[in-house]
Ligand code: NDP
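Only one chain comes next, encoded as structure tokens, the form predicted on its own.
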């Protein structure tokens, strides 16, 4: 038996993404923007997809200033034809797609008894259907190539019920993302495509910062921090290492896994 420790590539080389091509949905702001920067800094070419093309263009420009090959795409992930066009634009430009980060999502704090059918449908359309449509389109390309990494962005809310806010629809969709991830992982593992998820805890983004300036945000934030062993929210940069690991060769034997990055919130 060969000594794999001595024959393997150096570990830092296995974390590199040079020669890889990546797609980040919802990449125009917040966590998606941080993921895009991390992948680009690790060596990947990165396509930024967002519902608002100006946001995507802004991030693509930031990456190009760092020397990263990047371009922007407008896409509504709830629309199958737009998703197919998005993925085709990447394969047309770069000849393939090796990393898909399905990050686009929306939140809602409506009490269960007040949720309308249209509200339920619209959140499910983005958070669950949209993740599936993107993973399906990415997977078709990767299965043909025999290799790929799909990373679905779930949430710690997939595994716990947050307090004090009421978010039954959001929690349900993110729990669906976990089982979608596991199901795709089981189907595609033997064909070279790894499917994992990342579940952030409370994370400081501009949207969250804006919320913290409102009366309800000021009321809830101290309760969130009291339930977090580390006593703070994540910065978006706290999530970057996890996504690079899952996108890289270093995690090639991992599939169907959910990586929770929550400052310990789910321990209690």
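Just so you know, these numbers come straight off a predicted model, no measurement behind them. Positions refer to the first chain, counted from 1.
One more form of this protein, predicted in complex with the ligand, exists but is not displayed; see below.
- The closest non-hydrogen atom of residue 78 lies within 4.5 Å of the ligand in the model of the complex.
- Residue contact with the ligand in the model of the complex: residue 63 places no heavy atom within 4.5 Å of it.
- Remark: residue 207 counts among the residues lining the ligand in the model of the complex, judged by a heavy atom distance of 4.5 Å or less.
- Although the partner is absent here, residue 51 lies within 4.5 Å of the ligand in the model of the complex, judged by heavy atoms.
- For the residues 169, 104, 193, 90, the 4.5 Å heavy atom test against the ligand in the model of the complex is passed only by 104.
- Taking a 4.5 Å heavy atom cutoff to the ligand in the model of the complex, the contact residue among 228, 240, 58, 29 is 29.
- For the ligand in the model of the complex, the listed stretch (180 to 188, 153 to 161, 111 to 119, 93 to 101) containing residues with heavy atoms inside 4.5 Å is 153 to 161.
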